[in-house]
Structures are given as C-alpha cells and as structure tokens.
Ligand SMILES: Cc1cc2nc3c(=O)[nH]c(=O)nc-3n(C[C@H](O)[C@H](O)[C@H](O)COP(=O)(O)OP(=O)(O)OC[C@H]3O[C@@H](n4cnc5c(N)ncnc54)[C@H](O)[C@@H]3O)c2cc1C
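Just the one chain here, laid out as structure tokens, in the form predicted alone.
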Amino acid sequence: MPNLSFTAPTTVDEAVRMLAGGAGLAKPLSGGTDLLVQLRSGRMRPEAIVDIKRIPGLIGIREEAGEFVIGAATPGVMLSAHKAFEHAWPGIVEGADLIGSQQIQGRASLAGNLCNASPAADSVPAMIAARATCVIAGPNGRRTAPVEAIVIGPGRTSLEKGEFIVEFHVPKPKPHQSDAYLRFIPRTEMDIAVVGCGVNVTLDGNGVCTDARVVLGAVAPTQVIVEDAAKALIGHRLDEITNAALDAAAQRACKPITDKRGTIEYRTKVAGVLARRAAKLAFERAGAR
C-alpha cells in the first residue's frame, strides 16, 4: 500500500480537514475490523486513514434528556456493559453482540458496522427499528440523519467526501416499549446473516400494540423498513391472525439474492419466521415493563 498516510486527529474539525483534504479516497478508522481486512485483501486502496478514536467523546455512552448518545467509535462490547442501555434497548445490544468474536466486539463499532454498508450488518436493523439518528460532521458543518438514510447500496453510503459519523442518538423507550433482534446463520456463530430482523413495539396496558417498527436485513440491497409489517401489529395483540399478517408482510418486502448461504425462496421464508419470533420476544419484553 504505497503512499498510504495515517493520522490520528484529536478534534472533529481536524478529522474533517484530513478526510476532505486529499484528492483521493480517505477513510475514517473507528474500529477497523472491516477496513483493515479490506486493506490487506486489496479490495480498498485509500490514500489516507484517519483514526478518529482519539477525539474526545467519540468513545463512550452518555445519557442526555430523553436519549442515549453513543460515540461513533464506541466498541460493541461497551453497549452490553452499559446496564441502562442494555435494559432500554436489548435488541440493539443483541445485534452488536453478534458481530464476530469477543475479540472483534472489543474493537468493532456501530459506525463501522453501519458505514461498511453490508445488507447483512447485524447492528443496523435494530438501530433503525429504534428510530436512532446519527450526527454527521463534514466540511459544511454538522447535520443529523436517520440511520436508515446512510446505506444506499452494498458498500455504498450517502456520506459525502470529508464527512464521518460523530455519534448516534437513540431515544429512551416509553413505558411498555421494547425491542428484539434475531438472525439466522448457517453455522452456530461468527457467520454472516442469511436474514436478520429487528422489531420495536410499544404496547398499551392491555397488551395491544400502539406503535411498531419492523426492519429486515440481508434480504435486499439495503436494510428494509417493512411498513406493512408494522401495520399488521398496530392495534392488535400478537395472536395467530396478527402473526400470519406479519409473516406475509415480511415475505412481501423481501428482494433477496441467491448465494451460497441461501436461495431467494429460502431467505424469503426465513424472513417471515424471524419476524414472528422477534415480534414475540419484543412483545414479551414490552409487556413486562
């Protein structure tokens, strides 16, 4: 990798200048578990790597009015270690806990998992289901975008040159609100999802769903918010009829490919099954609050 420069700025403005300054590709380094593999394999050849981990505030989780703020370079292992966040959003933690081995989770970040732009990214469906947003810094200042606006295709994001994610904002759940994330993989661990599903529900005091979001991963070029699946849940308890409508809606939303992990037909079927299972878990958690 000739002429590859490495810098480690200590401010957001400095990082933006370094990412925007060169004529070629510059990549931020938050965890590096995807980026370093791509560098070694030759799949990516940037002219500059900008390590953002030394910028204050980019590692860690803090609570502000009505929300959690997660630094972009926060490793996944810190999510499960933060008991208030784990209790609030167990589905997001479940997704992060499925990223590689324990060693990988000590480095891999939510921003890296998102910006790698894999349709099968495990932390992304639950983040979208929770209506998380991200703060993006760039040459024109800062802007906020929903997590679902970042990935626009496999390996492609909406971030402009010089932009990088600084932090995520996740609203604190309401009473009787909770989530779940499930995935299906060919092996028992450390594999890429055939299908992933994040579900976020809010219930009333009688167990009837008043709000929902269902998000699928690995069944289309980007993560899919399944609005018809949410409509199938809202206004209903999770009974046999509701489950059938949820399953059908999830299957209709799929636009998968056939590869070595599964066929189009198999992935589509599994999406319906996972949606039902994740919804059951989310309903149980929300009902217990």
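Residue positions are given as counts along the sequence shown, with the first one as 1. From a predicted model like this one, the values you see are computed outputs, not experimental measurements.
Just so you know, the form predicted in complex with the named molecule exists too; it's not on screen, but the next bit is about it.
**Q** Kindly confirm or deny that Val194, Thr268 and Val270 each have some heavy atom within 4.5 angstroms of the named molecule in the model of the complex.
**A** Looking in the model of the complex, the three residues Val194, Thr268 and Val270 all stay beyond 4.5 Å of the named molecule (heavy atoms).
**Q** Among the candidate residues Val201, Ala180, Ala111, Ile128, which is the single one with a non-hydrogen atom no more than 4.5 Å from the named molecule in the model of the complex?
**A** None of the other options qualify; the answer is Ala111.
**Q** The named molecule isn't shown here, but in the model of the complex which of Ala88, Ala120, Val151, Val170 has a heavy atom within 4.5 Å of it?
**A** Here the answer is residue option Ala120.
**Q** Using a 4.5 angstroms cut-off on non-hydrogen atoms, would His82 count as touching the named molecule in the model of the complex?
**A** Because no heavy atom of His82 falls inside 4.5 Å of the named molecule in the model of the complex, the answer is no.
**Q** My question is simply whether Gly100 lines the interface with the named molecule in the model of the complex - judged by any non-hydrogen atom within 4.5 Å.
**A** It does: once the named molecule is placed as it appears in the model of the complex, Gly100 has a heavy atom within 4.5 Å of it.
**Q** Asp34 versus the named molecule, in the model of the complex: is there a non-hydrogen atom within 4.5 Å?
**A** Asp34 belongs to the contact set for the named molecule.
**Q** Using the partner position in the model of the complex, report whether Phe164 sits within 4.5 Å of the named molecule, counting heavy atoms only.
**A** Answer yes; at least one heavy atom of Phe164 falls within 4.5 Å of the named molecule in the model of the complex.
**Q** Would you mind picking out the stretch of 59 to 67, 231 to 239, 260 to 268, 24 to 32 that comes within 4.5 angstroms of the named molecule in the model of the complex, counting non-hydrogen atoms?
**A** Answer to the contact question: 24 to 32.
**Q** Which residues in 65 to 89 have a heavy atom within 4.5 Å of the named molecule in the model of the complex?
**A** Contacting residue: only Ala72.
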